[in-house]
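Listed next as structure tokens is one chain, alone, in the form predicted alone.
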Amino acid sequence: MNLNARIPSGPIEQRWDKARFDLKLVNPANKRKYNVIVVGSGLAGGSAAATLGELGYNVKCFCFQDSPRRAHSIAAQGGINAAKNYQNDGDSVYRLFYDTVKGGDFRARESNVYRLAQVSVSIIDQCVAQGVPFAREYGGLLANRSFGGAQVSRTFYARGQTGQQLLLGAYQALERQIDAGKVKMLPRTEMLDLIVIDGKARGIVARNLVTGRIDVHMADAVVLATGGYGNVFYLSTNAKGSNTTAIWRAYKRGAAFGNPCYTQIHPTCIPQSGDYQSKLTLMSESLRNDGRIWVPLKQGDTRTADQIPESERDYYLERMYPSFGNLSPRDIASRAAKRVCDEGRGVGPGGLGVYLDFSDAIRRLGQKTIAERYGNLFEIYERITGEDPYTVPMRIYPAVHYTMGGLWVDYHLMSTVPGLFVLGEANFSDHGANRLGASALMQGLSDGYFVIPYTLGNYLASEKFAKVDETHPEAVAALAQTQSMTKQLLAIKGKRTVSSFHRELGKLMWDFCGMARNAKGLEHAADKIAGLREEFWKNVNVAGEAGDLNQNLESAGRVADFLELGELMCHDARVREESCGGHFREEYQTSDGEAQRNDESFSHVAAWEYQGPNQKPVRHQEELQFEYVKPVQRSYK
């Protein structure tokens, strides 16, 4: 497998400009001759489909929701980063680049990250032009707030609804192209396989989730923008429908999977309330701007928050990381919360919670100001918990949120399968081992609006395409394979529900491949998951029929993929004998409990190549070169 990252030469600040000039172009008349499939309609997919349609390509865009407006990007709350330096507080493109590489614990590709920082300034202009209602200062200028892992204010926001407002901007651009006839939208349709012909991605197999019909769709290139795989843990902040099927089926067709063990635990989530809860709810990291995080000083202190005086409170992030305090990066803040709870100083049921307290901010700024900044977030919290965060502190605890791993892509965002491009959270590319808050929306829109139009055009202009249609033998074979899997799932008629397998997998993943990991636990989890996967194909019960709306069947296919992915994640985490970012191996930590990297042996991307059913995948390496940011022990103290 060739892992050529195709990084341009020259000074890093000139590489993207150089690449754009060197890339081949497709003239406007010829763009009408090319067909492109985009799978996913969130910020990355929606912006890509809209932009490619605007350029003149014929685009088919697929989503399993009933509308692109239902994409999970809508759930992003806190904001989007951009190096505009409106606050005149020392920000710059280079500082955003530096913060992102450092925040990812020096496990990201420098050139991709620098391009992301460069493009960030254009994203804000694009979104303002679309009418995205960013918060503004009194004089009318766009407002900014702070986020974790940065000492400047670079995060643009729309209260706690930033993802929703950005998605509406992309959605209206997408709808314009649908109306113009350049984009055909296929909602309630799920990709189930990738079609590879002569080594190139040429189409997908997809199921209409309403009628159950399975069809083949052909194109000259395929773009995957299907989000992350956090639901492998069952309980996460992701929407229940979020899954790994598109990228996993592409992996099984030859696309390398990069860094699958890099998963992010978000420190600011509403704690689990019961054994049969189906998902968790995120409380935006932006709340850490004005909220102070603390626990009682004494172990086993069961007094209510208002009964614990200041002298008996431990504002542990402010104590441990005085330079960044409550805005420490997510991986560090999450582990710190786990540590104090493990010491017996957690609050709430089971001691699995810490306080996020706004009393100081309310006294200083007034409740009205706090409500203007975070009102809808406070409403969400009160509806779920029945507690008023204006009068009592929120209780929060870390939860699975984002995945930094994904399909390996080069600088052009193309996978190891030519013609298969991967955008946003579905790829591994920009965040290293830990994503800084407010950078997911930045990456999704950067990839969709500003990168893929150039790199996809270069691919189309560089290749010769044989004419293929749905009757091609590879397309017919892929369709038959998908239909066979569907029949197999329905024929098992076992005794266990799909959900019971998913829940058991999630517990194994959380216990042994979650916030903290060790060799023994990872080996145990991998063995258990292999056994669980074997039982799934003998004992799962999938009710209903194939030719109908069947959400149980949908879920079964997704859980089958999660079972395979979970096993790979444990193997990846076991091989990586270091701690970095969201990957924390208990055997590799500094004397004060921080992540201890092993740059000599693991300063690389792990890219896994599928070898076939029940065969061990092959691990390849892309060595990371650091010319501009010298890897050091990460410190936020």
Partner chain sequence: MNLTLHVWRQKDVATPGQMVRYDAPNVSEHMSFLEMLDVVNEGLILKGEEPIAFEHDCREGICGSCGFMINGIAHGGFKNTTVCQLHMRHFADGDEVYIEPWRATAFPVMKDLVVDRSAFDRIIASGGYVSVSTGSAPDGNALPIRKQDSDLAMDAAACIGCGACVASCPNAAAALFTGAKISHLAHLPQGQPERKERSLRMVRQMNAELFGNCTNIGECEATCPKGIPIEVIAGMNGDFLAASWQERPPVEIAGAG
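Positions refer to the first chain, counted from 1. Just so we're on the same page, rigid core means the largest C-alpha set that superposes within 1.5 Å between forms. Here the structure is a predicted model, which means the values were calculated and not measured.
What follows is about the form predicted in complex with the partner chain, which we do not show.
> For this chain shown on its own, do 239, 380 and 495 all sit within 4.5 Å of the partner chain in the predicted bound form, going by heavy atoms?
The answer is yes; 239, 380 and 495 each reach the partner chain.
> Report the residue, out of 315, 459, 86, 465, that has at least one non-hydrogen atom within 4.5 angstroms of the partner chain in the predicted bound form.
The option sitting close enough to the partner is 86.
> Ok, 541, 111, 153, 483: which has a heavy atom sitting within 4.5 Å of the partner chain in the predicted bound form?
The option sitting close enough to the partner is 541.
> The partner chain isn't shown here, but in the predicted bound form, which of 470-478, 550-558, 303-311, 420-428 has heavy atoms within 4.5 Å of it?
Within 4.5 Å of the partner lies stretch 550-558.
> Using a 4.5 angstroms cut-off on non-hydrogen atoms, would residue 69 count as touching the partner chain in the predicted bound form?
Contact with the partner chain, yes.
> Examine residue 54 and determine whether its closest non-hydrogen atom to the partner chain in the predicted bound form is within 4.5 angstroms.
Yes, contact at 4.5 Å.
> Consider residue 319 of the chain shown here, and say whether it contacts the partner chain in the predicted bound form, taking contact as heavy atoms within 4.5 Å.
Taking the distances in the predicted bound form, the answer for residue 319 is no, it never comes within 4.5 Å of the partner chain.
> Could you confirm whether residue 142 comes within 4.5 Å of the partner chain in the predicted bound form, counting heavy atoms only?
Close contact exists here: in the predicted bound form, residue 142 approaches the partner chain to within 4.5 Å, heavy atoms only.
> Any residue of 261-277 with a heavy atom within 4.5 Å of the partner chain in the predicted bound form counts; write them all down in order.
Counting only heavy atoms within 4.5 Å of the partner chain in the predicted bound form, the contacting residues of 261-277 are 273, 276, 277.
> Using a rigid core alignment, state whether the CA of residue 377 is displaced by 2 Å or more between the shown form and the other one.
Moves: yes, 2 Å or greater.
> After core superposition, I'd like to know whether residue 133 moves between the shown form and the other one (criterion: C-alpha shift of 2 angstroms or more).
Moves: no, less than 2 Å.
> Superpose the two forms on their rigid core, then report whether the C-alpha of residue 349 is displaced by 2 angstroms or more between the shown form and the other one.
The answer is yes, as the C-alpha of residue 349 shifts between the shown form and the other one by 2 Å or more after core alignment.
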